[in-house]
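Only one chain comes next, encoded as structure tokens, the form predicted on its own.
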Amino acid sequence: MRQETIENYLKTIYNLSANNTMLVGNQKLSDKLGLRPATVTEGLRKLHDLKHVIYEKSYGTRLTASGAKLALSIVRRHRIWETYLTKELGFGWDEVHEIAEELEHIKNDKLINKLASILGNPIYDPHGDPIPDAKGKILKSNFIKLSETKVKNNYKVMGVTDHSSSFLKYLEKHRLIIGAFINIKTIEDFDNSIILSCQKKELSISAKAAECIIVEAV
């Protein structure tokens, strides 16, 4: 099993497991990796043999301590690269994910730590995702999904969970970018869509989009 493949599996399992707090089912992992379920099952068995994961066919997969450590190092590389590409090279937040997918496999801690230092050791990437420090620790937060907000309360956009170019362009179009302040006007009973105000403009956000926007109460 190629090292790059191992890293892709471990990073994806970590991201799907809510920071390694939940078991990840095979179908969910298969969908995210874009691989056939049978291929994923074989890959998980190999990772189990390498002691990176504990794989139970009927229940799901979780990372071992060594697997989580490796996954966090990959996540750190990815998010540092995204931040560097955005802040230092001027790439848009809708452009950096795919580039970072390639750069994250450069295994050089000195390089990543140097980039982090140049950037001022950021704790969040351009999408609002927390960046693990050099020891793999992640800052805890009180962030919630936009779908969990309450009417009449004020919030600040802190991140997104969907990094697709189309979604990020959608947010930019409506100025729902990192740091934007919003007020919840109405939550529709029929479909849970949210009417909010952002920069003096009222917007209707679908329940699906609201699940992918991370906010903090202010």
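Not measured: the values here are computed from a predicted model. The first residue of the sequence shown is number 1, and the count goes up from there.
The discussion below concerns the form predicted together with a further copy of the same chain, not included here.
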Inset, instruction - Give a yes/no on whether Phe91 approaches a further copy of the same chain to within 4.5 Å in the predicted complex, heavy atoms considered. - result: yes
Legend entry - Heavy atom of His97 within 4.5 Å of a further copy of the same chain in the predicted complex: no
Legend entry - Close approach of Leu72 to a further copy of the same chain in the predicted complex, 4.5 Å, heavy atom: no
Legend entry - 4.5 Å heavy atom contact, Lys137 and a further copy of the same chain in the predicted complex: no
Inset, instruction - Just give me the residues of 96-115, first to last, that have a heavy atom within 4.5 Å of a further copy of the same chain in the predicted complex. - result: Ile99, Glu102, Leu103, His105, Ile106, Lys107, Asn108, Lys110, Leu111, Lys114, Leu115
